[in-house]
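In the form predicted on its own, a lone chain appears below as structure tokens.
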Amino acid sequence: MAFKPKIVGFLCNWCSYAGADLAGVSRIQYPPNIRIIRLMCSGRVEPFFVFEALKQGIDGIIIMGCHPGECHYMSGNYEAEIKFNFIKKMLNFINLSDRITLKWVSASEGIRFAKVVTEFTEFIKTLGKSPIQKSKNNSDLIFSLTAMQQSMNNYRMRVLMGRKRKITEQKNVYGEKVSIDEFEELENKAIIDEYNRERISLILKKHPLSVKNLASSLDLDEKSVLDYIVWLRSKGIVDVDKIQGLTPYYISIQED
């Protein structure tokens, strides 16, 4: 049987959803693989639900919004683009970034809507089924996606996403302006750090491990793991469970 991709579309109410509606009433053909989730604005896309869709075995995800400069809420589509780029960077860690795309479609572009859905569906067919679907229950991928969900939901990441445009386009109270390159260097480090901290926190919920065990399990160097452990302990997220010989074993103490 031919592969029929399962695709989720997050569409803004005013433009891309209206474009989808126009495609329908105009009887413009496009693959029926897409399942649409209607949002008031593309800027309301929550990274948590993008990762959740991938965890459930969805093969591809399209986020659609108004063209830049045409958002009904002034800058919602710019916020969507920032979130999208954060998500893509996360998904690069597990080679799933090709399974998500961001497109601009206006209310008058029924033909463009159909073209976007058709082209993305054909592209996903070349990638094949979601690796989670292929293995029925790919625990390693689900573990990584869960860590991404949690890291993108924490305060530091939300501040970086929410204030990126303001920080890079306007001067701060000291008359200084942060360049895109400077901000993205900070952003990239934050993404790596928060992802690894969440991975450590999650794995320590299962059973206590030493720094050496964690480094081996997560393919990290021991110094980095120790630095993460020190930070997690300072926040009351993990603590020492036991000491065997001279080696401390850590466990997560944070409530779900």
Partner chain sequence: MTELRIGVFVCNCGSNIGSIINCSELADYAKNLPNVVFAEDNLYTCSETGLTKIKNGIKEHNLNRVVVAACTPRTHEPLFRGICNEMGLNPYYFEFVNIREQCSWVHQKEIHKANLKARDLVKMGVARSARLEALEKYQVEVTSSSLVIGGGISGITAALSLAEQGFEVYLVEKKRKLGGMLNDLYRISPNYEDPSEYLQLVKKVEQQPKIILHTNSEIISIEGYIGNFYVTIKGQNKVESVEVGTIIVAVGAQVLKPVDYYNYNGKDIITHQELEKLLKENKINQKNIVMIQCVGSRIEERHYCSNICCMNALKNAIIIKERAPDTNITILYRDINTPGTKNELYYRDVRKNEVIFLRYNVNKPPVIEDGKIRVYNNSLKDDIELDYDLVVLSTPLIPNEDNKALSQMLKVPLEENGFFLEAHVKLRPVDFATDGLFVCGSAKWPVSISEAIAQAKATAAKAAIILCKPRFEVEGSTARVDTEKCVGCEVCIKICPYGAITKDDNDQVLVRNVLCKGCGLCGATCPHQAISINHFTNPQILSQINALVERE
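Residue numbers count along the first chain shown, from 1. These figures come from a predicted structure and were not determined experimentally.
One more form of this protein exists, namely the form predicted together with the partner chain; it is left out here, but the text below deals with it.
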- Task: Please determine, with the chain shown alone, which of 189 to 197, 226 to 234, 63 to 71, 209 to 217 has non-hydrogen atoms within 4.5 Å of the partner chain in the predicted complex.
- Result: 63 to 71
- Query: Only one of Lys177, Arg158, Lys88, Lys115 has a non-hydrogen atom within 4.5 angstroms of the partner chain in the predicted complex; which is it?
  - Reply: Arg158
- Message: So in the predicted complex, is the partner chain close enough to Asn92 to count as touching (4.5 Å, heavy atoms)?
- Response: no
- Message: My question is simply whether Ile36 lines the interface with the partner chain in the predicted complex - judged by any non-hydrogen atom within 4.5 Å.
- Response: yes
- Is Thr247 one of the residues lying within 4.5 Å of the partner chain in the predicted complex, judged by heavy atom distances? no
- Query: Might Thr168 be said to contact the partner chain in the predicted complex, defining contact as any heavy atom within 4.5 Å?
  - Reply: no
- Message: Pick out the residues of 49 to 84 whose heavy atoms come within 4.5 Å of the partner chain in the predicted complex.
- Response: Phe49, Glu52, Ala53, Gln56, Ile58, Gly69, Glu70, Cys71, His72, Tyr73, Met74, Ser75, Gly76, Glu79, Lys83
